[in-house]
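Shown below, as structure tokens, is a lone chain in the form predicted on its own; questions about how it binds or moves come after it.
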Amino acid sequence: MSAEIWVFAEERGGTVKPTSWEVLGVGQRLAGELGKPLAAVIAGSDVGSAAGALAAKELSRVLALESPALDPYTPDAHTRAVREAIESESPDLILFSHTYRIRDFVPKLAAALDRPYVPDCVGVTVEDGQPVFVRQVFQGKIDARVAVRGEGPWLATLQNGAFPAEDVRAGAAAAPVERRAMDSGGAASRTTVLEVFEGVKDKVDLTRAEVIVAVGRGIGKQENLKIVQELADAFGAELAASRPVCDNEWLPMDRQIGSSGQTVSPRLYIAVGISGAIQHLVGMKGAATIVAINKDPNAPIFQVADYGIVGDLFEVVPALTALARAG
């Protein structure tokens, strides 16, 4: 059997994190193109429920690494457990989502394995039977194509929101789940978790939004945000913004889209009064359909838009809102 491709799935409270489904969709595509089996790997103290959800997808198997030392999370324990599994199974490629937890322990894991690590990828292709990763550098001005030399395993993280979670295919039958008790001993963790808490409980996760209405500096002043909020409400959308709006504190920072904010890929993205600086485009150009409203016909946003409306947003937005409410 060809060496496997692994997708590492994160879970919280017995539920697979949404970003893991994005990575699983990429893993399914790569497994088909490379002709390799695909396995999902999950780690925790008791991951039976999340493993069952993964098993419903198109996979060769689910490998559940379980140990009391894996909950609450510490980088040492996760590195030790995943390293043992990799050294035992020898997969060719392991894909991770680019979350805070993954960024915490995967560089350590790659160093421990002495294997290549390609972080924060926004694309993956196959050339000459090998994966080629795409990373954005210089704040998204350039796409760097990264090919890895030597034998696997290779490790790569995929940027959150850069790939559609709906690409994940369900399996014709449930994949087998292998629950493996990991050794809780070995080197002690250097981290002691005293408390687990949410840093910002009301933070908006725009990566899960199906429809987003984003507003830029063209809105003029904070008092004018009302008309854009009404458009978002009419579409059942989340309200987001480019960096200038958030820098002026007209909207909170968790509403910012772009290289220094969130990366999103909704079904519909409506950009209102956004010129389209590259720092913003890297955060939203993966949207399925992009509608741009701007009075400048030469605004860069029109280069990525599927539909463009050249006009005064204070006339166009209320008209669109009325149409949305009527329809």
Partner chain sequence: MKIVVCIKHVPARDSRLRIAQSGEWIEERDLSWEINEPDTYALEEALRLREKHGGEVLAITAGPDRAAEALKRGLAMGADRAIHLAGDVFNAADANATARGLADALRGEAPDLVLAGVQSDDKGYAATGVMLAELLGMPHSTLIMEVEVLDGRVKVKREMESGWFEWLELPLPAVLTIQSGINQVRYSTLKGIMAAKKKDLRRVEAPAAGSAGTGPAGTGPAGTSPTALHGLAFPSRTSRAEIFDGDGKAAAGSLWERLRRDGKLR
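What you see is a predicted model, and the numbers here were worked out from it, not measured in a lab. Throughout, rigid core stands for the largest set of C-alpha atoms superposing within 1.5 Å between the two forms. Numbering follows the first chain given and starts at 1.
Here the subject shifts to the form predicted together with its partner chain, a form of this protein not shown in this document.
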Heavy atom distance at most 4.5 Å to its partner chain in the model of the complex, all of A147, E249 and N298: yes
Its partner chain in the model of the complex has a heavy atom of only one listed residue within 4.5 Å, and of A181, V137, A173, V126 that residue is V137
Quick one: from I219, V118, A237, L93, grab the residue that has a heavy atom within 4.5 Å of its partner chain in the model of the complex. V118
To test your reading of this chain, name the stretch in 54-62, 40-48, 22-30, 260-268 whose heavy atoms come within 4.5 Å of its partner chain in the model of the complex. 260-268
Is D167 a contact residue for its partner chain in the model of the complex, using a 4.5 Å heavy atom cut-off? no
Heavy atoms within 4.5 Å of its partner chain in the model of the complex: does R190 have any? yes
Is Q303 one of the residues lying within 4.5 Å of its partner chain in the model of the complex, judged by heavy atom distances? yes
Answer with yes or no whether T99 is in contact with its partner chain in the model of the complex, where contact means some heavy atom within 4.5 Å. yes
Stretch 104-119: residues contacting its partner chain in the model of the complex, 4.5 Å heavy atom cut-off: D104, P107, K108, A110, A111, A112, D114, R115, P116, Y117, V118, P119
So, superposing on the core, is the move of K221 at the CA at least 2 angstroms between this form and the one not shown? yes
I want to check I278: does it shift between this form and the one not shown by 2 Å or more at the Cα, with the core superposed? yes
Fitting the rigid core first, would the Cα of D296 be found 2 Å or more away between this form and the one not shown? yes
Your call: F235 and E22 CA atoms, closer or farther in the model of the complex versus the shown structure, by 3 Å or more? farther
Cα distance between N160 and L281, which in the model of the complex differs by 3 Å or more from this form, closer or farther: closer
